[in-house]
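One chain follows as structure tokens, the form predicted on its own.
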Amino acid sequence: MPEFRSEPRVGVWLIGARGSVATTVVAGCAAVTAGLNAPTGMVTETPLFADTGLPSLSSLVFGGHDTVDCPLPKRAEALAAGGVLPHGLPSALSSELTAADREIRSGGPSAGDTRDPDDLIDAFTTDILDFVRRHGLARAVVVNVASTEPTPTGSTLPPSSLYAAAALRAGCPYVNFTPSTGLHHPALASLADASGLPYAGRDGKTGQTLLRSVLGPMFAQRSLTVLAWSGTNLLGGGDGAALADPAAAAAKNAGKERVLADTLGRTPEGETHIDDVPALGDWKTAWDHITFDGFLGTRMTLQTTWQGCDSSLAAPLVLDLARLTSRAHEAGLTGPLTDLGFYFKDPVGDGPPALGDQYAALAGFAERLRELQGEGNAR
């Protein structure tokens, strides 16, 4: 009788673990695993990633840090009431949501916290290592899905960098799905290089910038001169409140502007504005107004409207990235995962800026994993 080997379990440690995106990630993974919903939006569930050795969705175990105390089941109910999650799904998945909520630890620094940065990093590291030990995990991936923080000034590590440093100390791959500093802080550059860990980021590409990464190359390839590109974002929820801070909005817009500069070869006139509209909740509307010249200087415009649910757009990408980064770690890959630029506004490394080229790079990464999986099976 052949020996039965259970699949190793993989941890997904979420920074901002009680937010809308994290809640949708946990609920979505459980719903797809149970066959209640299809894996719509998950590129790792397409034939592109067949036989690449990715951890299954059923093998993922969730935990994380957060500074708020609203339990995941209650947060999921609020998302269902707002139309983000299907009606009835929170009650159907109450045990999975409760299990994940038990693994959420207090983050920081919070008001009145007197711990110095190294003490905070040690505490966060201990939380992650304890999570890995108690569940007997093969590895864990740390993913930042917290609200955007302002770009730091001076040498002090912002919260996102404290969590990133803890991931390195715990020996965990790291993904920054936000525009926050994370591993980009100068104080962490040498530590990231020396860690031998794979990492990816930053700022998940879910809506307006996803469209820009397609339209920008179209104008460039058709030799149409883009004169101005202006945009407006209306959104509510936690992201809307966080981005009401001009410094946080500036950090968010930097990635949007980089995509245009990289795909067009220059930065056109125009700005992108972000407005907090609490009544919209987890939904957002993004408008773009593009002015361009065609043959003989004929002036023309293109206007686009993107209306979407940010958590529903982000959650499948977070699951993709957790699986891809875990597999990269298992395969011995190190450093910035440039081939995952498909997922980000401001990707690490020197990969291509256009979405089509980024998808080709992702396909190459899938083939690389497939070859490594074949080599592992042959041994």
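Because the structure is predicted, anything quoted here is derived from the model rather than measured. Start at 1 and count along the sequence shown; that's the residue number.
The protein also exists as the form predicted together with another copy of the chain; that form is not presented, and the subsequent description refers to it.
When the contact criterion is heavy atoms within 4.5 Å, does L89 count as touching another copy of the chain in the predicted complex? Yes, L89 sits close enough to another copy of the chain in the predicted complex that at least one of its heavy atoms falls within 4.5 Å.
Examine T285 and determine whether its closest non-hydrogen atom to another copy of the chain in the predicted complex is within 4.5 angstroms. Yes, T285 is a contact residue.
Contact label in the predicted complex: D116 to another copy of the chain, heavy atom within 4.5 Å: Looking in the predicted complex, residue contacts with another copy of the chain do not include D116, since no heavy atom lies within 4.5 Å.
May I ask you to check whether A279 falls inside a 4.5 Å heavy atom distance of another copy of the chain in the predicted complex? Yes.
Stretch in contact, per heavy atom within 4.5 angstroms of another copy of the chain in the predicted complex, of 77-85, 105-113, 256-264, 181-189: Selected stretch: 77-85.
Residue among A250, A99, L129, V214 with a heavy atom within 4.5 Å of another copy of the chain in the predicted complex: Result of the distance check: V214.
Run the contact test on A34, T156 and A166 with a 4.5 Å heavy atom cut-off to another copy of the chain in the predicted complex and return yes or no. No, none of the three is in contact.
May I ask you to list the residues of 329-349 that have any heavy atom within 4.5 angstroms of another copy of the chain in the predicted complex, in sequence order? F342, Y343, in sequence order.
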